[in-house]
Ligand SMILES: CC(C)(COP(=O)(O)OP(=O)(O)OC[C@H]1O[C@@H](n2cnc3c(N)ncnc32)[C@H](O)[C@@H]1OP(=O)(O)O)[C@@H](O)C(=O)NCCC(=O)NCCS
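Next up is one chain by itself, shown in structure tokens, the form predicted alone.
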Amino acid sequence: MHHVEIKRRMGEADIAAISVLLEAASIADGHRALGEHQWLDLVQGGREGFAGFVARESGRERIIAYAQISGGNGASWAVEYVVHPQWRSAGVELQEDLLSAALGEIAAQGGGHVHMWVPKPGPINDAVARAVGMRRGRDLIQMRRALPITEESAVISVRPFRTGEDEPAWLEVNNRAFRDHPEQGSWDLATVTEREYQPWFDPSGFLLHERDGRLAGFCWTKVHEPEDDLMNAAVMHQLGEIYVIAVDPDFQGHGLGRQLVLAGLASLCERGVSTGMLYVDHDNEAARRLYFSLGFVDDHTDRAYVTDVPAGGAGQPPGALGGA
């Protein structure tokens, strides 16, 4: 038996207990159990609409599964969930109860469009999504290539990001370039500042390209530390990511995307990285052709499941859900 409870604010003891679950799942899966946005929401108190859903074995304190929601731009919601490795063979009922509670809370808060990212999805994830009324949405492909890249090099000039100065111009370009993107297109100053306080943040790897006195494009890179990948220690320090890359719409069509990728990979290589990595939408054929031409190959796929939740009543009360 299990029991699900909702937590709209997280105390230190809650975060510590959930972290034990996340660590077990991360070690089993070889990647972080929560996305970066969701992890920051958990440890920093959460954005508007945040709620966590904790599943425990009945009569015991151990957390066996966890789900989290947070409100995004307008009526958009993000959901993620994690199940302890020892409970993944117990069928889909635990996951169904957890996600039903999360979707019920979204309905109680006014409803809206929901997307749920699952790394390296399998048939059970498809089954759970169907059981709670979600459908397959975007597939996001992680691509990798060995460094250094010797075939060509960037021919544009770039400079490092200046913390405390470049945020407004960068936000304008980022939000223009990603205006139709459900997550990246709604960043604000608080979002950028959160990243600047992260241990991995390095302004020397946050590259800006300017033309005619304007920011024309950027390539923001990230070197993954051991706790970010939870894989073989010899590999973990060598993985570097093209974290965010974009060209202002006014400067598109001039080959700047390719040049910014080359500049970003060179920056990663200069910092001792031997494997470059990035994410791209499965349906973004133009970007995938660009990355294939630069020697990237597909590594794995992450998937978003989506649904539209109508506004509901008070929802189910905390702790009302249970199952075998």
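Numbering starts at 1 and follows the sequence shown. Just so it is clear, the model here is predicted, and its values are computed rather than measured. Basically, rigid core = biggest C-alpha set you can superpose within 1.5 Å across the two forms.
What follows is about the form predicted together with the named molecule, which we do not show.
Trainee: Within 4.5 Å of the named molecule in the model of the complex, do 245, 254 and 286 each have at least one heavy atom?
Mentor: Result yes, every residue of the spot touches the named molecule.
Trainee: Within 4.5 angstroms, counting heavy atoms, which one of the listed stretches 264-272, 63-71, 27-35, 286-294 is next to the named molecule in the model of the complex?
Mentor: Of the options given, it is 286-294.
Trainee: Using heavy atoms only and a 4.5 Å cut-off, determine which of 118, 134, 177, 215 is in contact with the named molecule in the model of the complex.
Mentor: That would be 177.
Trainee: Does the 4.5 Å heavy atom contact test between residue 280 and the named molecule in the model of the complex come out positive?
Mentor: Output for residue 280 is yes: heavy atoms within 4.5 Å of the named molecule.
Trainee: Rigid core superposed, CA of residue 122 - does it shift 2 Å or more between this form and the one not shown?
Mentor: Comparing the forms between this form and the one not shown, which are aligned on their rigid core, residue 122 does not shift its C-alpha by 2 Å or more.
Trainee: Using a superposition on the rigid core, decide whether the Cα position of residue 250 changes by 2 angstroms or more between this form and the one not shown.
Mentor: Yes; residue 250 is a residue whose C-alpha shifts (by 2 Å or more) between this form and the one not shown when the cores are overlaid.
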